[in-house]
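Considered here are two forms of the same protein chain, supplied as structure tokens in two stand-alone entries, structure 1 and structure 2.
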Structure 1
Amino acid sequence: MAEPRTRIAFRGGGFVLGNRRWAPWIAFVIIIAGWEAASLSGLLPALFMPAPHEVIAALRDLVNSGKLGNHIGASLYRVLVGWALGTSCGLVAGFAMGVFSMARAAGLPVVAALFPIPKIALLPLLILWFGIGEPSKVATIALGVFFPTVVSTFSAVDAVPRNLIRMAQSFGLGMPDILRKVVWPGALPGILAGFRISSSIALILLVSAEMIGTQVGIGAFILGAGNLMQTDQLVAGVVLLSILGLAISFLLSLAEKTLLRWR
């Protein structure tokens, strides 16, 4: 007598990411509600950590005074120009190091030697070279973005399966076609992941650079509020940075959905 067949449930769905759009909103609500409750109960003194409603009031004052647009506009210009310069140069260098052995042999020791240096420590030197204006701040951000982009691009190119490249060669594809149709698509997920890291580094360097010789910008606003012990405005500046980071992350997510539709 044949044994009854049992149906085995499909277990591969655990690797498919589900859509949980409500999860981040719930997390933000819980954090802000806990923060407000701790402030109202006196666990968080207003001098050290203002309540959320006080931070919102500081943001509203910034909007009404017209200073918000000036600070965000100056910071956006610096971070976008610096990130674009550092990323474009890093892509070229990292791709060359991943493809050509000579570029890899010459570039890896240089990257290993210069990458650990805190780029904000070079800002005084860059000020001597480019002046105290915008070029030195843009150069600081570009230099800080360049090295992580090189590392992520080189690692992503180097991780492309060799059997795919050999298969393309067996079909008679030339080097330009292999780079465009095999290496570039295979390395793109790792490169885009590196963009998330480099964008965060760009924001960190932006704030540090704007605290030296700058009157306009989110970093200068935070520094001024801290010097005057205006903690509500200081936290408001930090919130602006967080919103800017979320906006950049959203744009990168859109780029991933567009460029990686083949996955």
Structure 2
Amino acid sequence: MAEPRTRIAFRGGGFVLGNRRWAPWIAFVIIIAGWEAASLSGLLPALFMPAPHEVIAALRDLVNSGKLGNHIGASLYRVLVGWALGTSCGLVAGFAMGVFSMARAAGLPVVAALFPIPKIALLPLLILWFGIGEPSKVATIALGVFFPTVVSTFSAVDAVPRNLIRMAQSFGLGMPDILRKVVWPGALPGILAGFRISSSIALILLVSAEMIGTQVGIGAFILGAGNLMQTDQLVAGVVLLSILGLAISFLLSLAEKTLLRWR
């Protein structure tokens, strides 16, 4: 009798994330088509949610009115300045807390106490301190960005392998050199990951920041549309905000790709 012969079946498939560049586009198209269909059929009453074509019309109105550039420019300025300010202060504080036990002991409870305060609750104070012009808007965003940056920088510095620092010490590198050549690049992945969070927070806070004393800016546009129950414009503003978010995320990916090639 012949020995039974069995062909080996492949069973190692799945669980591998391949590259599907077209998938997100298809997902977008399906969601928007479904939404339009629901609106046209009356399943989604116009009172509660505008149809995609109405949103597109609102966007086109915005472009035609020539105000789109003003809104985006004003918001971009506030986000960039506020984010840069909050990030640079957060980096310094986070670094200090990661490196000096004194700064850590003093800083951790302060951060824990102040981080969860909703920055909107401080708005009246910020108005008193900074007025209702640009400074209070920038400050709102900077304040919101500062704390998560401190936390992510601090833990990124903390996560730099101790053995690399000891190695540097064993070769006689001084504190500034160790910070610059070992701690900073070692913490960079964690810091860049923190940038993703803080840039999202900056966009989220844009709406709060632009609550006060302005009629230009994407956040102010969204708020105004909400107050006037112009839901098509509201959603159009949200779409603009999402596009801004995507653009920032794209830039950060680019930065990660170039700065973290070594990983």
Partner chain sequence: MRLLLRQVGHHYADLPVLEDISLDVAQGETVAIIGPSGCGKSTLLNLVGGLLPLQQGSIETLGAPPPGCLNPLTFVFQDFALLPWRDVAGNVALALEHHDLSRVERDARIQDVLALCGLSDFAKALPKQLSGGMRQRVGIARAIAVRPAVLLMDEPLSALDAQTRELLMEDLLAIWGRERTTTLYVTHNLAEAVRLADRVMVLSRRPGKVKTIIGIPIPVLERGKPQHAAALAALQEDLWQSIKIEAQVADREMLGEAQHG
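We call the rigid core whatever largest set of C-alpha positions still superposes within 1.5 Å between the two forms. Keep in mind the model is a prediction, meaning the values are calculated, not measured. Every residue number counts along structure 1's sequence, beginning with 1.
Here, the chain labelled structure 1 is taken from the form predicted alone. Once the cores line up, the CA of residue 167 ends up 2 angstroms or more apart between structures 1 and 2.
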